[in-house]
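Before any questions on binding or motion, here is one chain by itself as structure tokens, the form predicted alone.
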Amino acid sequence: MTPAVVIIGSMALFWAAFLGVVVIPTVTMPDRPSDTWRATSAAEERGRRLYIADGCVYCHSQYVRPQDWAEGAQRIARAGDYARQQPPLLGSERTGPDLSQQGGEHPDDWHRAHFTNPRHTSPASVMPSFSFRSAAQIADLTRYVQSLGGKDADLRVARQQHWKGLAVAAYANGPDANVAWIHSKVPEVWRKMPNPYPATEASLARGQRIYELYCVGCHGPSGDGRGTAQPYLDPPPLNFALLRRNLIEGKYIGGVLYYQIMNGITGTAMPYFKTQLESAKIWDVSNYVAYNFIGYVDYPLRTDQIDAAYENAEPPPPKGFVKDQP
């Protein structure tokens, strides 16, 4: 094989790849907006430039594939979602969560705490801090992230703003009224549902680990709502000790905690965990919070249920066990 053949062959391969990867997609893929697309505002465009400059695209994708449905995806990405974006910030790494539908997942103050220091809201995060950015720049970056998802994101952001107004007003009415308002928004079937798992030593240990990975940044090590994120959040995180004065029908049902952990409390910084935690993990952290911070553990002591296939023989605490009842 002569040098001329190597050079000509290499050039042929290069241009064939360029034709298939660049030219043909450019010519054949229409730049028509999708049904959720909308133009970005000036603030969102400034935030997009910060997103590029700070290297966010290196760790976050913005492209949901069909195989991502199992990860809690809300919508498969389409070419029209990225119409008129130069360049489209699809990303390739999934070190952090995919952000293609991030708009409205959290209220603005959650993002402010998160960008200042990601450990405020996600204690196990490896994302770097962006506290070197000014408040105005963080606001622009927040506007961009809240726009991801187009018109669908706008609906979610509006929902956050609606419930935030109600949540802030409830908090202003005092702690007891605030807890009563939060409880009133939990469906009755969940308010009556006890935790199906006993608060065993193993369950409490698992719950503590989950609490440290997901909850401590907002609710604090002692559950008093004074985590490192608290100064950024309005209304502030819930102080679990207040729930001792607000037991439902004289008790605190595990289903209330489960429902709030699963679905979050829209308008507040309390996010949903239904796509991150399996059911048993939510029950475990519910046990941990109830036992350590509220002082009440409920468990349905029944004799007619089928035993769990994997469960130790350690007896659960008595039904209605109360620790340090005020």
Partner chain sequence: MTPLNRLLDQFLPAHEHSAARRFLVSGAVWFCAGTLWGLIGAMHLAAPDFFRGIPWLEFGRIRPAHTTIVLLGFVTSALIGATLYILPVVLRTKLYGERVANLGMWVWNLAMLSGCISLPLGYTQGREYAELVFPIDCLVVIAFLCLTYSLVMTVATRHENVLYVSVWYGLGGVLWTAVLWVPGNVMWRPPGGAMIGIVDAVWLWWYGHNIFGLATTPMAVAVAYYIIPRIARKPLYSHTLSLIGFWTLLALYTHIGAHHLLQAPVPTWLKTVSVIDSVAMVVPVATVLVNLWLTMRGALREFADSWPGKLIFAGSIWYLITCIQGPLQSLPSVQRHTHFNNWVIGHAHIAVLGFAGMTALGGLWYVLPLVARRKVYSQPLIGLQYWLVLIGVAGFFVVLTAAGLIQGEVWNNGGTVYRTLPMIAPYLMARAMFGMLIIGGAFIGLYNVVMTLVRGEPHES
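Numbering follows the first chain given and starts at 1. Please read these numbers as outputs of a predicted model, since none were measured by experiment.
Keep in mind the form predicted together with the partner chain is missing from the figure; the text below concerns it.
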Item to complete: State the residue from W163, W190, F130, W181 whose non-hydrogen atoms include one within 4.5 Å of the partner chain in the predicted bound form.
Response: F130
Worksheet item: Should N195 be classed as touching the partner chain in the predicted bound form when contacts are defined as heavy atoms within 4.5 Å?
Response: no
Worksheet item: Hey, in the predicted bound form, does R159 get a heavy atom within 4.5 angstroms of the partner chain?
Response: no
Worksheet item: Counting only non-hydrogen atoms and a 4.5 angstroms cut-off, does A124 reach the partner chain in the predicted bound form?
Response: yes
Item to complete: Answer with yes or no whether E71 is in contact with the partner chain in the predicted bound form, where contact means some heavy atom within 4.5 Å.
Response: yes
Worksheet entry | Interface stretch in the predicted bound form with the partner chain - options 290 to 298, 254 to 262, 54 to 62, 39 to 47, non-hydrogen atom within 4.5 Å | 54 to 62
Discussion item. With the partner chain taken in the predicted bound form, which residues across 1 to 17 come within 4.5 angstroms through any non-hydrogen atom?
Written reply: M1, T2, P3, V5, V6, I7, G9, S10, M11, L13, F14, W15, A17
